[in-house]
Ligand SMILES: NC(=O)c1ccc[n+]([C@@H]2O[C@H](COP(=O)([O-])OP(=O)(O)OC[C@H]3O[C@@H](n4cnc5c(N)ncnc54)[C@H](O)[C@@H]3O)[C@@H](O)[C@H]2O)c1
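A lone chain, given as structure tokens: the form predicted alone.
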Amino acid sequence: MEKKVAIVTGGSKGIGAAIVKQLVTDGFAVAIGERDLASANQYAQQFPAGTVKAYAADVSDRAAVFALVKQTVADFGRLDVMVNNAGISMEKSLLEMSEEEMDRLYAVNEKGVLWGIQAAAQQFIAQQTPGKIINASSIGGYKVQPGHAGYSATKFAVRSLTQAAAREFGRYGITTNCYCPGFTMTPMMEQIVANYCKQLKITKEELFKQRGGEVALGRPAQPEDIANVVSFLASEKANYVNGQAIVIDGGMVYK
């Protein structure tokens, strides 16, 4: 049976890297779309030859995202799953947010997802096959954390795009869903934690003790916790799941 093919943007580190690893375990060939091609190539080399391939792609550039899909299909022969995982964070209050900063957040977190949805849907329709589009939102797409107004605005937008795509493309057998991670220990989160500790003048251990009580399970998520849910959404077991935003936060936001 021909191997199924997935694209994961921002797939060389953090949650994206865990998703790539899990999808390979699930039997997929995976294309990583990443601005940092050197990092993506280094990560791809950890997998068996021909299983994972890295491509340079800035998701804020619509043409680059469409080229990523085209190159992936040229190399692997098809596309089955698109994981629009790439994203950035920014800690700024509403009063501090500049036009350039807001534009950058939307260019990556919202437009980057939109371009991925468009490019993947176009390919699935051309192939005349079902397909799965899986987008990265956040618990910030349900609840705004202090200092993350702009970031949360983009993640609310991802939920909206997900619902719109689910309605528009369902008739083609294309499902569109998103995952909403909570407090997940990634390099990006480590930097956010460091900034919080500096602002509050406390240690990381003290912060975790304070914030740990907000999570019912009493611990932050690991990237693998998120990858497991993406694995389900990418599988045939999720064929009837469409237009949903699945929260993965250990019990913080209840929806």
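The shown structure was predicted, so the numbers you read here are calculated from the model rather than taken from an experiment. Throughout, we count residues from 1 along the sequence that is shown.
Keep in mind that the form predicted together with the ligand is not shown, yet the notes after this line are about it.
For the three residues Ala164, Asn177 and Val230, which mark the spot I'm curious about, does each lie within 4.5 Å of the ligand in the model of the complex through at least one heavy atom?
The answer is no: none of the three residues contacts the partner (heavy atom, 4.5 Å cut-off).
Exactly one residue in Tyr142, Tyr151, Phe124, Trp115 has a non-hydrogen atom within 4.5 Å of the ligand in the model of the complex; which is it?
Only one listed residue qualifies here, and that residue is Tyr151.
Listed residue (Glu214, Asp26, Asp36, Glu224) with a non-hydrogen atom within 4.5 angstroms of the ligand in the model of the complex:
Answer to the contact question: Asp36.
Met102 versus the ligand, in the model of the complex: is there a non-hydrogen atom within 4.5 Å?
Contact check for Met102: no, nothing within 4.5 Å of the ligand in the model of the complex.
Contact test in the model of the complex: Lys155 vs the ligand, heavy atoms, 4.5 Å:
Yes, Lys155 is a contact residue.
With the partner left out of view, is Ala136 within 4.5 angstroms of the ligand in the model of the complex by any non-hydrogen atom?
Close contact exists here: in the model of the complex, Ala136 approaches the ligand to within 4.5 Å, heavy atoms only.
Considering only heavy atoms, tell me if Ser12 and the ligand come within 4.5 Å of each other in the model of the complex.
Within the cut-off, so yes.
Can you pick the stretch from 124-132, 69-77, 164-172, 83-91 whose heavy atoms fall within 4.5 Å of the ligand in the model of the complex?
Heavy atoms within 4.5 Å of the ligand in the model of the complex occur in 83-91.
Residues of stretch 161-186 in contact with the ligand in the model of the complex (4.5 Å, non-hydrogen atom):
If the 4.5 Å heavy-atom criterion is applied to the ligand in the model of the complex, 161-186 yields Pro181, Gly182, Phe183, Thr184, Thr186.
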